[in-house]
Ligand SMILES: NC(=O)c1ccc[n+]([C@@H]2O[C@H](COP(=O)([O-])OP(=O)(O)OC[C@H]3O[C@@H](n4cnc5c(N)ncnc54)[C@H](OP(=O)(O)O)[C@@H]3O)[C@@H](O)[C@H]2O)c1
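Only one chain is included here, represented as structure tokens and corresponding to the form predicted alone.
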């Protein structure tokens, strides 16, 4: 699989990575054996980038990745984790002592002395403008606790603030065919600054897979049930902030745009891969089959101009007014 450089880090990542939120929690139940099978299928398909967080299953996702990599020492996998969501979301918690403690926990969970990439995990907006926060992150690099750092953001404004920071290697942001605002300023600014873009929620929590109907029922412990209106965390993380009923209708139209032999999910991933400035896209997978199908999107031919225009027209007509004024 093709690889791209993760911004200022100089490290490389497969253009399709693997998001591992679902291996920890919040997407229903995934047992340990199935989780390891997903990781195996991903690497067999050319994936070299895993994205996780200390809060996914309260460390379970990190621990699962560590268990997998212990059994496959020959693999060269770049693992990005995140920190900051296990405490009250107030700027005062984003200080060096806490960073060290959080990093120590993730290093134990992942079984490494130095973390490849640590991202602030969608912290309160003022954090992105606080010099002391980035001084503390620089200290973690100097102490060799982490190799590089980045941020995960909710809004385009947060992304632009972070990109201006000289030590930020990457910005993780929601980008998909139902969330196009980052194309306007964020991706061009990242390219100019040499900052990597990690595109998350690429399938709009599964909407863009075309598998769901208005009558689909998700498990009670799935965020697509309990966070549909932002009850537990930012609403934009669930279905990209799109109203579910209208999103299902738009997804039917989106699926009809897929070229022959291409699934709607692969169309969604291929669209992201083609956007200038994107480093890697990190779909999750609950089964080995999903992991392999997602990775296969990297080898698909580029989408035609007509298809790209049709996707944009669908977004402008059905989605844009729901999301662009919020994120």
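Residue numbers count along the first chain shown, from 1. Everything numeric in this text was worked out from a predicted model, so none of it was measured.
We do not show the form predicted together with this ligand, though everything after this point is about it.
Contact segment among 133-141, 193-201, 160-168, 177-185, judged by heavy atoms lying within 4.5 Å of this ligand in the predicted bound form
Going through the listed ranges, the match is 193-201.
Name the single residue among 282, 30, 297, 39 that comes within 4.5 Å of this ligand in the predicted bound form, judging by heavy atoms.
Contact with this ligand in the predicted bound form is made by 282 alone.
Within 4.5 Å of this ligand in the predicted bound form, heavy atoms considered, which of 278, 35, 265, 47?
Selected residue: 265.
Contact label in the predicted bound form: residue 315 to this ligand, heavy atom within 4.5 Å
Answer no; every heavy atom of residue 315 is more than 4.5 Å from this ligand in the predicted bound form.
Contact label in the predicted bound form: residue 206 to this ligand, heavy atom within 4.5 Å:
The answer is yes: residue 206 has a heavy atom within 4.5 Å of this ligand.
Contact flag, residue 54 vs this ligand in the predicted bound form, heavy atom cut 4.5 Å
No, residue 54 is distant from the partner.
In the predicted bound form, does residue 148 come within 4.5 Å of this ligand, counting heavy atoms only?
Because no heavy atom of residue 148 falls inside 4.5 Å of this ligand in the predicted bound form, the answer is no.
Out of 150-168, which residues reach within 4.5 Å of this ligand in the predicted bound form, heavy atoms considered?
Only 152 sits within 4.5 Å of the partner.
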